[in-house]
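Shown next as structure tokens: one chain only, the form predicted on its own.
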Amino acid sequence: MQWNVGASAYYVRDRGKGQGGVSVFGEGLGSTLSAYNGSFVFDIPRDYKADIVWLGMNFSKNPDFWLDPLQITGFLNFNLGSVRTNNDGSYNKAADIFGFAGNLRAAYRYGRTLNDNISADFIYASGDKNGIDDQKYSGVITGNTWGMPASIFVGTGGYLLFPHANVVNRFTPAVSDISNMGYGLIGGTMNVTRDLIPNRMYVKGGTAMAISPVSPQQGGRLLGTELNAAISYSFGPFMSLEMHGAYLWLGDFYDSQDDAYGYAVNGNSDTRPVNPFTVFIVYKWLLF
């Protein structure tokens, strides 16, 4: 059977009041750690109670490329819940939560090896227009709100627009959490790989692009467009030497200094940040 379908349900009962966690910043819906991780920061006191549910499903067809040349994977998750804050000894509603996110990835193997393929990856996450001023949050919440690292959207083939797995700090891309600070995300990548020496040496070229469903104040919706490339040589099982490079053209989203979602979009700069680029060499071995 080629198709696999699964379902998931998760629940978090948050009564931690923003204390503890992996850093001095604490963790939780209103913590500085959430800002550092690129997730939405709730403008609420530390004394709060939150009940949050994730309901989802996932599916895949031929995930290992063993049965035929076509591979399809994806997921859909809904975020439900409520947040209540302490006001003079009683807990009153601060926000209801309803958001959703979906992903679809397809790949086609045109050659004889697994590296002879072309793939496309699409991600959508709902956004919120006005924070919790209306006592509603329509964006998504991930594990980045409570831990570091957690819920990192690696594996797309992006380097600077989306996080990449082969780096020390995965919180350096433009979008490190799929909530995109609460503004939401519509993005995708496309990658082509080719074995120059079968099962020994391959090259890869890719592109990534994303927009925000909600635009920040004095800013646009375009997050950026990326081009990237890589070359890898395998010395044996689970051992390789690779060279990677990428360049990101930032969009008008980063013209904004909007800080309504807990922190400024572009670090309170008067101008759009300089377009980032990266070039690095990595030696990979299973024992590292």
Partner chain sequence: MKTLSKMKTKLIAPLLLLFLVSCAPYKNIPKISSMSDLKYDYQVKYANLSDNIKLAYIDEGKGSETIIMIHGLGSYLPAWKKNIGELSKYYRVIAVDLPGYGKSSKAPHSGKMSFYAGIIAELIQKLELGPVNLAGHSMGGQISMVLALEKPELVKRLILVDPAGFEYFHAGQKNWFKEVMTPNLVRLTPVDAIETNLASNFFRMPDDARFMIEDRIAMRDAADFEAYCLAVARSVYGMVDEPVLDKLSAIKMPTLIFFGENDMLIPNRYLNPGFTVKIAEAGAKLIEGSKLVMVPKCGHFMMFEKSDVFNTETRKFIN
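Numbering follows the first chain given and starts at 1. Just so it is clear, the structure is predicted and the values come from calculations on it, not from any experiment.
Omitted here: the form predicted together with the partner chain. The next part is about that form.
- Here the chain stands by itself, but in the predicted complex one stretch of 176-184, 155-163, 124-132, 198-206, 198-206, has heavy atoms within 4.5 Å of the partner chain.
- By the criterion of a heavy atom within 4.5 Å, residue 227 is excluded from the residues contacting the partner chain in the predicted complex.
- Residue contact with the partner chain in the predicted complex: residue 111 places a heavy atom within 4.5 Å of it.
- Using a 4.5 angstroms limit between non-hydrogen atoms, residue 91 is distant from the partner chain in the predicted complex.
- Within this chain, residue 78 lines the site of the partner chain in the predicted complex, having a heavy atom no more than 4.5 Å away.
- A heavy atom within 4.5 Å of the partner chain in the predicted complex is found for one listed residue only; from 220, 56, 45, 245, this is 56.
- Among the residues 86, 73, 82, 172, the one placing a heavy atom within 4.5 Å of the partner chain in the predicted complex is 82.
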